[in-house]
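Starting off, we have a lone chain in the form predicted on its own, written out as structure tokens.
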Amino acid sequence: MVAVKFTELAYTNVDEFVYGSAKYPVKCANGMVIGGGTLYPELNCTLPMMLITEETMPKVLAQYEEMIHGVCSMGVELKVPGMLVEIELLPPCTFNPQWGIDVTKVVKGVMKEYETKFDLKSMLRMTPVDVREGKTLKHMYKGVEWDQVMDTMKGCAANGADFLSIESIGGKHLHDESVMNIDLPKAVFSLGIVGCRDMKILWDEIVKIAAANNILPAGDTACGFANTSMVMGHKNFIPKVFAAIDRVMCAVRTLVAVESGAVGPDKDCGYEGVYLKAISGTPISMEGRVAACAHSSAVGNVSLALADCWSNESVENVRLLGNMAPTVSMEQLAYDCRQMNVAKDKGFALQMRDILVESDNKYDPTAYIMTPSVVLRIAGEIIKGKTHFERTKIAAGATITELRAAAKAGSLELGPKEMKYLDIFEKQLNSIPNDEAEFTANMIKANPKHDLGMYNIS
């Protein structure tokens, strides 16, 4: 078992829990302070449909150069006080670390150009792909795939990245099955035991790489976990309450990056970031309505209520009527941030926060568990756990309690079917033994097709 940290909440007063401000802001060398009072746009962009090969790499790099020129030009035009750019490297650019390094150099080169010419403050987040999966994978912490991830991290860190992030996938193969079968015990195992142990090993290394290059380890996300549940729930493929429970459980796993030394802002697609902020005080990046270019959701407004950076998730470099899509997204983000910052400057931050929350939170359970007061109540229960396993179980139980109470009070619209599933999931949760070793042995026996030896679990 790995020791947990954060035994007290960073926030106890909900009126201090607001967008643009974090208890422990990130101070950047260029003067930007993330979580220091200003909400910043974070633009995430990706390639259009195209092959990435050695032969096409010049065209790939040209695409990235075009995208960053466009978004930086918009940043200058709209006089943003600062901005972040995130590049989520596509798999070939982690399978081939030098390609990821080349992308980093090109993107950072354009950003430096706009800093020199126009005094545009910007920071670059590089996010290599977690390629530790597939039939050829032998072990999570050694071998080709591990080396590719680490080499890409090191290369990005040495060649222009200001922040390092990753959408890690340890335990995802188990979690995918838990979602398909709405199996809460398997979700607890995949997140609270396998996932948390994987995060600790992975993020200890990422933090070392960042320190060696004098840059910042930012954070992780439950993109491959709770986002899968959220999208499937949004499409009515699984119960929406399962997606909400899954989201809060994922907060325990994502928090391990901070326990290892990540300082934020965490990844935008980690909607559980509100729980990280509540517990650790680190700033968070969030996405919502401007991420409709990537996926639909029921949390378009509420996700902005506690954000310190505001992102579009990701958008392809394709032509729209107004401009290239990344430039359009940058304009949308910049205007949102401008509005939010003016509201804050005029003393209306809490009113703006609550408007955003109340416009979403009664319609969907995931939106409801992002309500600031609910976040603080559930987070306060989570930190009572002494292990990641215990905290994951507590997260599930506290979420079930909050959702049931909200539905009975009329604060959350939940139909009879969703209410029935709360009872089902509560029974599933109560079936999990309190002893972690016993539970682990049971899950290994019940899942013989999964080689957990590659996680050093036996």
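Residue numbers here begin at 1 and follow the sequence given. Everything quoted here is computed from the prediction, not taken from an experiment.
Below, we turn to the form predicted in complex with a further copy of the same chain, even though it does not appear here.
For the candidate set L124, I215, V328, L174, a heavy atom within 4.5 Å of a further copy of the same chain in the predicted complex is found for exactly one residue, namely V328. Proximity to a further copy of the same chain in the predicted complex, defined as a heavy atom within 4.5 Å, holds among N96, N159, S359, T387 only for S359. Within 4.5 Å of any heavy atom of a further copy of the same chain in the predicted complex lies no heavy atom of D423. Although the partner is absent here, G109 is not a contact residue: none of its heavy atoms lies within 4.5 angstroms of a further copy of the same chain in the predicted complex. a further copy of the same chain in the predicted complex comes within 4.5 Å of no heavy atom belonging to K208. Taking the partner from the other structure, a further copy of the same chain in the predicted complex has a heavy atom within 4.5 Å of a heavy atom of N301. Residues D151, D204 and I457 are none of them found to lie within 4.5 Å of a further copy of the same chain in the predicted complex, as judged by heavy atom distances. The partner is not drawn, yet in the predicted complex one stretch among 287 to 295, 375 to 383, 259 to 267, 245 to 253 has residues with heavy atoms inside 4.5 Å of a further copy of the same chain: 287 to 295. Residues of 338 to 355 lying near a further copy of the same chain in the predicted complex, listed in sequence order, are R338, Q339, V342, A343, K346, F348, Q351, M352, D354, I355, the criterion being any heavy atom within 4.5 Å.
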